[in-house]
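Before any questions on how it binds or moves, here is one chain, the form predicted on its own, in structure tokens.
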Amino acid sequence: MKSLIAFTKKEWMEQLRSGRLLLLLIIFTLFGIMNPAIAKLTPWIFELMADSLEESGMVVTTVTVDAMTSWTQFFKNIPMALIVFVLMESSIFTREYQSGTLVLALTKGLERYKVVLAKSFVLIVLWSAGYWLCFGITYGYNSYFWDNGIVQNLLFSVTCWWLFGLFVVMLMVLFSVMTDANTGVLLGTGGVTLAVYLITLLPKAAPFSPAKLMGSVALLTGAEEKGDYYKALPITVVLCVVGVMASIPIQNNRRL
């Protein structure tokens, strides 16, 4: 246990020293501010464009924004935040393969499975902290400017999207122990994410796909119900656990 804690601390120090931790916090903070800001500026933007739109034959009516506008923006922006997260953290394993620092740690008695657990823990905490920071900032501004009470199933819907992000993080871990370059991690993670998204295009299979959780914005307006996500939720949780568990034997048997 001491070696696991020590290696986890080493991971946190590396995140801090490299500046990735600070940069992630800044990015998620900006996304959190951007959601209500875009909603707040929407009427002003349409007002500026009114003359040119009228010349094109389009009539601009009064634009009304509320908390729903901002939360819709949240669900539009959070995929971009997830992509940035994956791009920044895709080398969390591979840079150690390339530098040889992991071999040094293993020769000092660190078990390989602890490497997987420590790095998975760090990625989970980073994604969770960034995601909920973004949510908290958006929620606070929405409460100040409007009323979050008009939004239905808010906590459930954002939890669904957080879990989908966790699924993507576990894909990163799995492909990180299977390849030596972060390009392979990105291709593998992106390929599987695309595959589960394509499954949602099949009506009978869609309720079981982890990508179903990406559509939880529909819960805000009542267009869908919580029950529509009850099949995808446990499957996604199981796949997250399987991803970590499968990574351990692969890491144990790979050549460094």
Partner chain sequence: MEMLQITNLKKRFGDKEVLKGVTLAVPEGGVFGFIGKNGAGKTTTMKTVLGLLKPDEGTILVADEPVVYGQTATNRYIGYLPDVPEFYDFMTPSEYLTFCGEITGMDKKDIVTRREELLELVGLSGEKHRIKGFSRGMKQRLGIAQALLGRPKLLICDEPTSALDPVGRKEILDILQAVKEQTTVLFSTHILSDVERICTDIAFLHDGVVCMQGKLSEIKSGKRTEEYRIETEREADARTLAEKFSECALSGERQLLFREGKATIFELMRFLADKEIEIAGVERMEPSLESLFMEVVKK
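None of these values were measured; they are calculated from a predicted model. Residue numbers count along the first chain shown, from 1.
What follows is about the form predicted in complex with the partner chain, which we do not show.
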Item to check | Candidate spot 80, 189 and 193, all three touching the partner chain in the predicted complex (heavy atom, 4.5 Å) | outcome: no
Next on the checklist: Even though the partner isn't displayed, in the predicted complex is residue 149 close enough to the partner chain, meaning a heavy atom within 4.5 Å?
Outcome noted: no
Next on the checklist: I'd like to check something about residue 155: if you look in the predicted complex, is any of its heavy atoms closer than or equal to 4.5 Å to a heavy atom of the partner chain?
Outcome noted: no
Checklist entry - Taking 4.5 angstroms as the cut-off for heavy atoms, does residue 99 touch the partner chain in the predicted complex? => result yes
Checklist entry - With the partner left out of view, is residue 180 within 4.5 angstroms of the partner chain in the predicted complex by any non-hydrogen atom? => result no
Item to check | Residue (of 137, 110, 163, 118) lying close to the partner chain in the predicted complex, criterion heavy atoms within 4.5 Å | outcome: 110
Next on the checklist: Quick check on this chain: which one of 105, 124, 133, 84 has a heavy atom within 4.5 Å of the partner chain in the predicted complex?
Outcome noted: 105
Checklist entry - Among 137 to 145, 71 to 79, 164 to 172, 110 to 118, which stretch sits within 4.5 Å of the partner chain in the predicted complex, heavy atoms only? => result 110 to 118
Item to check | Within 4.5 Å of the partner chain in the predicted complex: residues from 2 to 38 (heavy atom criterion) | outcome: 2, 3, 6, 7, 9, 10, 13, 14, 17
